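One chain comes next, on its own, written as structure tokens: the form predicted alone.
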Amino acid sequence: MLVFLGKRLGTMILTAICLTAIVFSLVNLRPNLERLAKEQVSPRMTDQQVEVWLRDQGYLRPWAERYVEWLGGVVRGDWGQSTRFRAPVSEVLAPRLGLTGVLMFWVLMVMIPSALVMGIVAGMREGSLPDRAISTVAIGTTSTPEYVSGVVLTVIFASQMVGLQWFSGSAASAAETGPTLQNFALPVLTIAIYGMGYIARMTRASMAEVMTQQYIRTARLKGVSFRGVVLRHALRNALIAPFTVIMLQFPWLLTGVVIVEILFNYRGFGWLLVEAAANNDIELLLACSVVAVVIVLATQLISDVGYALLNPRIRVSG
């Protein structure tokens, strides 16, 4: 296992370096640098003045030299200065990540239990009425993007058009005073509904496959009740595949967060990423990319290790 972890960590580091190098190159393209110069000084700058400003700021140095310097700063905790917020990137990024962490916690608390229950109920009796109903709902939720379901939920539960003003159509107060049922329900449901269907379908497929195995039939022939077969024999093996799927939802949650946070005016990581892109904040964009890369690679590592531990048929060797 230690050899496996060592190889995985080495691969993660190389992947992170490659991905950050690509992002570093893209955000430092010449048009972006020229736009940054005019935003920081004056829109009426001449080409010669832009060239002088870029040279003075060090943007015209060799790419490799600048990348190594930036990467060394990231390792030391120096993320640079945000041109959009006029503050160190670390001071801007940390609280926004915390806000998104709170949102993701409640999304997972709603999404995972609901999806697992739906998938298990559907997979216990393949082809039954509950199976068909749950599968239909799961397909419907998976095929509906967040910007559609978010608008629909807002119209139904937060607007004056329908009259059910149960919740708030904005989550701005959740970021300022803390989440409540009224200001946090819609963004949580918008993200959870979309991911819930995919996890439920994978759980249902895994459960249906397990229920056809020989050891399940043997347990039934020995007189074990259907409930006992499901809880003691089928459930553990059926949850191996959904575990991997759940861990791989985290990278998707990053993209879903961007849409939902803008839609509900929740100023977390997704909102910050859009602000950095819209205002050509190079240092902040790079910091957001590092966070995204680390989250994706870390969840993949946890997924691989967890799958190896949960599945006794998998043996990790050097």
Partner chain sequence: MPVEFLSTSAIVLGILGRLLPVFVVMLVVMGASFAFRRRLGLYGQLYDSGIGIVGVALVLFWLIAAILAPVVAPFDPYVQVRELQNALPGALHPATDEAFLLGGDALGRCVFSRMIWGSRVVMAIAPAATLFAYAIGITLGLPAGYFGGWLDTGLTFLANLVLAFPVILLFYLLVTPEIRQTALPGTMAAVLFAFPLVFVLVFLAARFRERPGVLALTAVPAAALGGVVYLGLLGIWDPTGAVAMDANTLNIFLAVVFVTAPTVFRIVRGLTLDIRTRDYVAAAQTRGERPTYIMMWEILPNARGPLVVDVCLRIGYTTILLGTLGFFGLGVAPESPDWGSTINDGRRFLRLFIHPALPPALALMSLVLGLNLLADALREQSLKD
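Source: prediction; values computed, not measured. Positions refer to the first chain, counted from 1.
From this point on, the text means the form predicted together with the partner chain, which you will not see here.
Looking at Ala158, you'd find a heavy atom of it within 4.5 angstroms of the partner chain in the predicted complex. The partner chain in the predicted complex is not approached by Pro43, whose heavy atoms all lie more than 4.5 angstroms from it. When contacts are judged by a 4.5 Å heavy atom cut-off, Thr144 counts as touching the partner chain in the predicted complex. Contact check for Ser303: no non-hydrogen atom falls within 4.5 Å of the partner chain in the predicted complex. Against the partner chain in the predicted complex, the set Cys18, Asn32 and Val258 is in full contact: each member has a heavy atom within 4.5 Å. Of all the residues from 8-29, those having a non-hydrogen atom no more than 4.5 Å from the partner chain in the predicted complex are Thr11, Leu14, Thr15, Cys18, Leu19, Ile22, Val23, Leu26, Val27, Leu29.
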